[in-house]
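The data below hold one chain only, encoded as structure tokens and taken in the form predicted alone.
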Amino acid sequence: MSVTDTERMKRVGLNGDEAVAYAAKHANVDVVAAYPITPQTIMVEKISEFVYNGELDAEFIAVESEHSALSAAVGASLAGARVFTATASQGLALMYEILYIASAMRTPIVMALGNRAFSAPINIHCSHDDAYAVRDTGWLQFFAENVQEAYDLVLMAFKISESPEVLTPSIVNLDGFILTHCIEPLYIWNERYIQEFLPDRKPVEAIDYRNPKTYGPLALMDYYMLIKRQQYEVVRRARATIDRVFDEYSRWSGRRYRAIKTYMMDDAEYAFVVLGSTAGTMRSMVDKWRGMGRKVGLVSLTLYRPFPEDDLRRILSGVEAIGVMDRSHTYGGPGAQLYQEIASTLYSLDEHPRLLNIIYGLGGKDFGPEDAEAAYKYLMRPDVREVWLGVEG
């Protein structure tokens, strides 16, 4: 179907937060439990307007903290509701205890995360600290490159998470202010058609007071490791469902979705790997470099958890050097988070590409063409393994 099919969809201008709110509305969520925090606040404000105006038949739970927000979301999901929440940075940190509970209890909650730097010092702008901080909690994770992707990924996340073979919560990441507050043109669905792709939730099992069961019981040494292994297998196998839903949505919408987006990688000698909105800047730079005769390509991850190891090994094998771009860092660790994962992924190759960890954009520090050019120059230097762009030395 063409994106110009105005009977099924319409072109609008929204910022990323508003687009996410419309996605939750179009998913016909039953319960929203959230606490406002910059740069996510507009999401829950807009959803509360939908509920108050009667445009969305949902229960909006105004809680006193993010810890309570996710706790309420877990309970509502176990009761069979389709549940949405949203947060950022410190708010996600306050949820941390419940993140593990939500995934282990197999609640298919969808969360939008407006990526923001952790304090201190206090900063409200983009870093990927929060996304990386919860990479091991058992949630599926997706990264949006633009506002259209933020809208689409929320819809797909519900279908993926609620699939009976998955039943695992999802996070959709969008860069704070760069996407959350940036107005872009996008296509949103006319609501009467959304049920073709995402019908109302039919829970596999829900709390029923007439048939009492125990949820989240005590499990000691006899069962705990068995339960964790089961959860590990579920997340690993979720990739098949993710690919299937991406393919279905691509056909249904006319917008192509894959776990990994590649650009000019067929004959690339050098490559950059990136998450989030920076991919657009880097793609334009690849065009410039190609015009100069430089064989550079780009890899942008839409799917972060489960990590697409096999695809990355296939795509990145044979290149001479890779610049892994991290909007975060691990203090005292051997490189930042994405860098470590790329290094681990490529370790089994007979010939390892040279890796450069590029730390950039922390706290919303701007990343422009001149920064990309600096990154390329560092990638040409075999003696450099890590660079903090803009604060070298």
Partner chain sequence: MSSWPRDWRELPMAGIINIAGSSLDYKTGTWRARKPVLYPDKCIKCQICWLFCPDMAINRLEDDSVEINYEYCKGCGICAEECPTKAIEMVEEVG
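Positions refer to the first chain, counted from 1. Just so you know, these numbers come straight off a predicted model, no measurement behind them.
Just so it is clear, the following notes concern the form predicted together with its partner chain, a form of the same protein that is not shown.
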item: Which of 315-323, 182-190, 152-160, 233-241 sits within 4.5 Å of its partner chain in the predicted bound form, heavy atom basis; value: 233-241
item: In the predicted bound form, the residue from M264, A79, A259, A104 that sits within 4.5 Å of its partner chain by heavy atoms; value: A104
item: 4.5 angstroms heavy atom contact with its partner chain in the predicted bound form for L226; value: yes
item: Any non-hydrogen atom of K213 within 4.5 angstroms of its partner chain in the predicted bound form; value: yes
item: 4.5 angstroms heavy atom contact with its partner chain in the predicted bound form for P217; value: yes
item: Close approach of I194 to its partner chain in the predicted bound form, 4.5 Å, heavy atom; value: no
item: Triple contact flag L167, E205 and D222 to its partner chain in the predicted bound form, non-hydrogen atom at 4.5 angstroms; value: yes
